[in-house]
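A single chain comes next, written as structure tokens; it is the form predicted on its own.
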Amino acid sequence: MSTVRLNSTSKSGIAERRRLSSFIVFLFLLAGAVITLFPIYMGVLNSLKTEGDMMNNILAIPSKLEFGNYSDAFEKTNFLRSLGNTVVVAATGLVGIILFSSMAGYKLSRTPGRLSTFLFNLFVLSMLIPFHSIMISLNRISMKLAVQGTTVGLGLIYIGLGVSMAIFLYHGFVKSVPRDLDEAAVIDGCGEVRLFTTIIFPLLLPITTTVAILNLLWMWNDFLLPLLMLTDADQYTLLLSTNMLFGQYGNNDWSAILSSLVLTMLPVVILYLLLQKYILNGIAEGAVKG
């Protein structure tokens, strides 16, 4: 009887510790969510205020919703033109990153050897290089190659900067695709290009979705690289157009600025929420198997 009581006591103690640890983890996650979402909440809240209400109390609920701030921001930033430029940059970068990284990740994973290992490690090593240490050289090179000042040229630069991380994810994910598919396709007379495009690449949809969303978020929200590469206001992305609303000597149009930022982040936030399941699955499988 005493043994039974000790076992039940130890089990209850273990259950108690598990509940406590789960509660502590929940508190940490809650704090992280509040820290992350609070700036977004403040931006949306103050984008619906007049300039006077915002300056009086930025935390107060607006007495009247000023949706006119959004139409004002839409006109001042030439939103449709800036959106089109951002889409061109993101589309160019995504197509190139997915195309080159999927093929490179597949080939490196399916071709074991010293050269493949060396090239893969080289791509992984390039992920550790800070952008600020190469931005001056990158600016000079882009001028020499005549890709500076255009949205397509900016997209090409994003391809070079984004392939290393994408190859790492593809390389790990390809390991989960059975080699028997390759062998069966080759026996049936399938060439290497057709093998990849018709059999392998459709199986890479989860990691492709992950790569697409992560790079889209990066390119959509990036400010420094477009600022360095784009010189014509007609080529400005959404964030650069929003930056034009900041005036000299602190004379800033905060209502239009916050409304423009909300309009800028809305498309990618919606897309991320719709595809977050594929993003998390792709990162987990690609990183663990890599």
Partner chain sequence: MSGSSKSKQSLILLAFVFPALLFYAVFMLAPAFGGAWYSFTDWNGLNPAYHLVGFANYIEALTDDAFFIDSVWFTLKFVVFMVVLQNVLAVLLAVLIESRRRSKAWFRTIFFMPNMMSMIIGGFMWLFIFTKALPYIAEHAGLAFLDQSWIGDPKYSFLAIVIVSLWGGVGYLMVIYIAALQGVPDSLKEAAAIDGANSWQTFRSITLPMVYPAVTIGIFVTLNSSFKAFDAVFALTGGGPGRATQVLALNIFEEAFKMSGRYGYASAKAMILFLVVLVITLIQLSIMKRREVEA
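Numbering follows the first chain given and starts at 1. For clarity, a rigid core is taken as the largest C-alpha set superposing within 1.5 Å between two forms. In this text, all values refer to a predicted model and were calculated from it rather than measured experimentally.
Omitted from view is the form predicted in complex with its partner chain, to which the following refers.
Student: Quick one: does Ser164 come within 4.5 Å of its partner chain in the predicted complex, counting heavy atoms only?
Tutor: So Ser164 counts as contacting its partner chain.
Student: Does its partner chain get within 4.5 angstroms of any non-hydrogen atom of Val25 in the predicted complex?
Tutor: Because a heavy atom of Val25 falls inside 4.5 Å of its partner chain in the predicted complex, the answer is yes.
Student: Is Lys76 a contact residue for its partner chain in the predicted complex, using a 4.5 Å heavy atom cut-off?
Tutor: Heavy-atom contact with its partner chain at 4.5 Å: absent for Lys76.
Student: Give a yes/no on whether Gly52 approaches its partner chain to within 4.5 Å in the predicted complex, heavy atoms considered.
Tutor: Answer no; every heavy atom of Gly52 is more than 4.5 Å from its partner chain in the predicted complex.
Student: Taking the partner as it appears in the predicted complex, which of 169-177, 203-211, 145-153, 76-84 has residues with heavy atoms within 4.5 Å of its partner chain?
Tutor: Contact criterion met by 145-153 only.
Student: Which one, Val88, Ala185, Leu94, Leu138, lies within 4.5 Å of its partner chain in the predicted complex by heavy atoms?
Tutor: In short, Leu138.
Student: Quick one: name the residues from 23-38 with any non-hydrogen atom within 4.5 angstroms of its partner chain in the predicted complex.
Tutor: Heavy-atom contacts to its partner chain in the predicted complex: Val25, Phe26, Phe28, Leu29, Leu30, Gly32, Ala33, Ile35, Thr36, Leu37, Phe38.
Student: Core-aligned, is the CA shift for Thr231 between the shown form and the other one 2 angstroms or more?
Tutor: After core superposition, the C-alpha of Thr231 moves less than 2 Å between the shown form and the other one.
Student: Is there a C-alpha shift of 2 Å or more at Asp222 between the shown form and the other one once the rigid core is superposed?
Tutor: No, the C-alpha position differs by under 2 Å between the shown form and the other one.
Student: After core superposition, I'd like to know whether Leu240 moves between the shown form and the other one (criterion: C-alpha shift of 2 angstroms or more).
Tutor: For Leu240, whose C-alpha is compared between the shown form and the other one after core superposition, the shift is less than 2 Å.
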